[in-house]
Ligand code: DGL
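Given as structure tokens, the chain that follows is alone and in the form predicted alone.
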Amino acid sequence: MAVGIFDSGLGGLTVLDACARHLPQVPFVYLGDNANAPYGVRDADDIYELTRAGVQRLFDAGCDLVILACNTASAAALRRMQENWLPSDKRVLGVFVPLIEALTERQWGDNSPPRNVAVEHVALFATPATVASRAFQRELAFRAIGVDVEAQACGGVVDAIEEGDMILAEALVRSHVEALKRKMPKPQAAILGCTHYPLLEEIFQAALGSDVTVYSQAKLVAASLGDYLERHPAMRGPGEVPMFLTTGDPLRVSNHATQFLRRKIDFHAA
């Protein structure tokens, strides 16, 4: 009954932690492609091949359902995987869907025409690859009209987090928020479009101001996954052993993961 969670590195641990709290009965298998992180500066073909390899490894570990906790992978690889590669008995879901459901206050299966929503000015903070893909804007346009999205590519933030340099990461966040505000002085909402960024949610909120609603993905994804598994219980795979896997150095990754989640995490070689 295992469910897989894939990320380019450690950011997806924010999603895993929320999912494990929301669904304590489900064993999760986490795979971080730390050897190839960050994905945000890679081209689309490279991201696709790395993501496909990671998802296959999770299928091999007994997962029939995999969550792409990496926004870059969701933006650059998900649709292509679903159309050209995914086995008929497997499913791969991205992390944009719960965000857009929350922002537009409509369920994903609602296929009615796009309509006006309460939020008109949205700031999107994401990796350069996610920003370049315009995947968030494309999906949002199917469901809402009249929403102005200003995207800010947050170069360097993921690298700093992966290296454990949170002082640098916080400084970069403040710099990127300042750059965004020069383009959109008064956003009503902000999307943290990378699963690394919830580790710095308080810094984003402080820099943006208390009047800006910050949407962070982890809890939204966890609630959406719970709903999905209720509707599709057969997608719980045959695996029963929770695992943490990495393509990087297991000891180094374990130490950083333990620091982030503030509990002991033991990674093993993928």
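Every value quoted in this text rests on a predicted model; they were computed, and no experiment measured them. Numbers for residues come from their place in the sequence shown, where the first is 1.
Keep in mind that the form predicted in complex with the ligand is missing from the display, and what follows is about it.
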>> The chain here is shown without the ligand. Which stretch in 39-47, 59-67, 239-247, 201-209 comes within 4.5 angstroms of it in the model of the complex, by heavy atom distance?
In response: 39-47
> Does the ligand come within 4.5 Å of any heavy atom of V158 in the model of the complex?
Replying inline: yes
> C194: heavy atom within 4.5 Å of the ligand in the model of the complex?
Replying inline: yes
